[in-house]
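Below, in structure tokens: the form predicted alone, a single chain.
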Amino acid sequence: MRISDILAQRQSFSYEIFPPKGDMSVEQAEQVATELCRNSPDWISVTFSAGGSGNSERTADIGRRIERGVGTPALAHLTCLGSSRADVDAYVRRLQSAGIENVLALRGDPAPGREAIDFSYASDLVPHLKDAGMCVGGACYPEGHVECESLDADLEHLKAKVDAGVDFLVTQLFFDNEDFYRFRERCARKRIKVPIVCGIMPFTSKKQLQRMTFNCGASIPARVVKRLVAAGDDEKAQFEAGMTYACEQIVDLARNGVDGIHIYSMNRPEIGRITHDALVGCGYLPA
């Protein structure tokens, strides 16, 4: 099922997982997806790692298992930097043969040896995927992309991506909902009318929070810092503080009429269960 059709019908709830890497097997990744699907998400997105990380080939495989084995729509990520049209066409054929019709179009992070070939930006990739018959999502950044000089410039780039044919947007993680509400207003003024799904990544430890914010540029509200200080060095207390904060975030978003909530699960089914239960408790999801 196309995600654009889901979002046309209702507010959505979804998860992100990453394909196998390191010691994780394909079967273990499939088990993670199966456990997350017990919470009846509208879709599960599967990340794509370029540049020789070794797991990009498995995105389509895990997506196929989600679509056919679990019966939940899969959203396959695709980064285009360093890829030719032939590379993209081959990847799309793998997705289509796996029954996957949803793609999240991304530029990818610049790196040595990963220069633009046929696609410099996600906005270049989007029409190519649309021509192939795919339902295409795009990324957006409530606080602006870390490489962009201003919020206005970032919004111009986003408008170009939407005008290229994006069907829906998924945000980068954020910790202050007011940042998202301001972003939503800016999008409305810019006549960006596609659904915007809120991406939320619960922090589970001090180290993880520092790594996430450094990589994506998300700001840390004082109330988050205070909760981590109160948790001290106790790992369980840090996890509980992060999950409590994330649940407060998503309940507030649900009550403020967002188009969808997307949980970056970090391949941890307990994160999926806790966030699902919070949304059931506030009436966003059925019991």
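Not measured: the values here are computed from a predicted model. Numbering starts at 1 and follows the sequence shown.
Not pictured, yet referred to below: the form predicted together with a small molecule.
Q: I'd like to know whether residue 47 contacts the small molecule in the predicted complex, with contact meaning heavy atoms within 4.5 angstroms.
A: Close contact exists here: in the predicted complex, residue 47 approaches the small molecule to within 4.5 Å, heavy atoms only.
Q: Counting only non-hydrogen atoms and a 4.5 angstroms cut-off, does residue 148 reach the small molecule in the predicted complex?
A: It does: once the small molecule is placed as it appears in the predicted complex, residue 148 has a heavy atom within 4.5 Å of it.
Q: Taking any heavy atom pair closer than or equal to 4.5 Å as contact, tell me whether residue 165 reaches the small molecule in the predicted complex.
A: So residue 165 does not count as contacting the small molecule.
Q: Within 4.5 Å, heavy atoms only: does residue 174 come near the small molecule in the predicted complex?
A: So residue 174 does not count as contacting the small molecule.
Q: Look at the stretches 94-102, 153-161, 202-210, 181-189 and give the one with heavy atoms within 4.5 Å of the small molecule in the predicted complex.
A: Looking at the other structure, the answer is 153-161.
Q: Of the residues 135, 88, 139, 194, which one places a heavy atom within 4.5 Å of the small molecule in the predicted complex?
A: If I apply the 4.5 Å criterion carefully, the residue I get is 139.
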